[in-house]
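Heads up, the chain below is alone and in the form predicted on its own; it's given as structure tokens.
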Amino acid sequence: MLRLPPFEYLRPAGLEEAIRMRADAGPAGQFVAGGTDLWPNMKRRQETPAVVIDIAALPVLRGVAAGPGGGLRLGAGLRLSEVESQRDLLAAYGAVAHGASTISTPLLRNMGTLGGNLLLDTRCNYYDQTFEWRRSIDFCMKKDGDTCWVAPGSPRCWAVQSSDLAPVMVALGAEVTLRSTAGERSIPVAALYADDGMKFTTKRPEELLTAVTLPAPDGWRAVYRKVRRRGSFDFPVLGTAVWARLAGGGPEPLVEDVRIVLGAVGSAPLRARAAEDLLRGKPLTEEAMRAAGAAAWKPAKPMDNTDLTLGWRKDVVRPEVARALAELL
């Protein structure tokens, strides 16, 4: 049985107290909400915070309110099951609700949070093992070692960003709000991620992700598709999020603007800009969908560090992008 290492457990009464506790703890501190990522990581000794600050009971992190310009502001502490079932989301932000519904299992969606999924630790077959297993082959670059076992000659870590909601939020152009004792700042979700398996977010360690703001649903459409071995529980081996503004009716509307974002094919969500350029300003025909899929295939660079073979994971980008575009109709 894997056991948690010793730590001090703190439960703040409010948001400001939580932020102050984290500042006082310094590098030894860590926030926890659902714990579906942190607790297993601690059991495997991937993370060993000396102080854990539980923010799950803070109501201010679980609200849903109108955002600026007619958008929607979601508290980062909302359970994934709440995001999945929110009526406002189902009506106007179906891709967000659907993305949340694909994460893990109902039991874990009742625990995991919106903010937690956006900050999900990057994954790798060599990293996500017990302490004893990792020690037996020598530790990897991401924790305690200096070698990336996926690409031993590489100077960087190639662990994979496996969040389902990250590509959705990047495609929508959503923003996140971050709080610390230094104040509050808001940044695009796209700017939250860095293409590095170790330093995979730009969030400062002491900052707390408090909210996600979705743009107003002013005529755009969005979809999310997930590829995984099983129909539940598994992390994605490919996530495809597409946002588009279409003009005109009929089976082949004009693509006024579009964003295509791939998940689980790199250490950060990947924007398929060449595919977008092929579609923008042109009719959304079947031929255009296939061409966009081929263009999105080129920059996708999955590594041999998650489920299924890397060749298959790359090849499936072509049809999945085309299918996601077809779903917009």
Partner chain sequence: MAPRKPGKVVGTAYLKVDGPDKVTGRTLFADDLALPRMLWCKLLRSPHAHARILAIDTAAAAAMPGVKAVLTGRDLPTPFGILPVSQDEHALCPDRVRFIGDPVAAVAAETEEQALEAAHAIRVDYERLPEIDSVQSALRTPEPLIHDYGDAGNVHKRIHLEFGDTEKGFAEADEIVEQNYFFEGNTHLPLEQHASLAVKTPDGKLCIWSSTQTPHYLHRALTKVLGMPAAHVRVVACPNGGGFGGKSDPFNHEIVVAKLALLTGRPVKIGLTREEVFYCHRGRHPTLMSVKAGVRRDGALTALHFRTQLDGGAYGSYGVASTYYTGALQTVTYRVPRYRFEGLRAFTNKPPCGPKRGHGTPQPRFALEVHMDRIAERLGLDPLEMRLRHLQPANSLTANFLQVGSMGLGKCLEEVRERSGWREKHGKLPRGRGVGLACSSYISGAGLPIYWNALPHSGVQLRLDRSGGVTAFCGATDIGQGSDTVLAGCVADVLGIDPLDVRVVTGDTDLTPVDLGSYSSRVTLMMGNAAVEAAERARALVAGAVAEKLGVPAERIALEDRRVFDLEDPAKGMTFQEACIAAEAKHGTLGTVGSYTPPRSPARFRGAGVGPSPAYSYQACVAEVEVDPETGEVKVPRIWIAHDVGRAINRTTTIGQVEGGVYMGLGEALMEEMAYRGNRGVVHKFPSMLEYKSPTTREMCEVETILVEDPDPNGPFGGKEAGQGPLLPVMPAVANAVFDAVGVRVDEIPVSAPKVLKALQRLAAGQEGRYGPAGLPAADYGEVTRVLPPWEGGDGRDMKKQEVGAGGVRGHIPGGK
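Positions refer to the first chain, counted from 1. All of these numbers come straight from a predicted model, not from anything done at the bench.
One more form of this protein, predicted together with the partner chain, exists but is not displayed; see below.
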Would R230 count as touching the partner chain in the predicted complex under a 4.5 Å heavy atom rule? yes
Would I137 sit within 4.5 Å of the partner chain in the predicted complex, counting heavy atoms only? yes
Partner proximity in the predicted complex: L2 to the partner chain, non-hydrogen atom cutoff 4.5 Å: yes
Any chance E256 has a heavy atom within 4.5 Å of the partner chain in the predicted complex? no
Assert contact residue (the partner chain, in the predicted complex, non-hydrogen atom within 4.5 Å, options Q86, S180, T177, N125) equals N125
Can you work out which of S186, S154, T202, T130 has a heavy atom no more than 4.5 Å from the partner chain in the predicted complex? T130
Would you mind checking 308-322 for residues with a heavy atom within 4.5 Å of the partner chain in the predicted complex? L308, T309, W312, D315, V316, P319
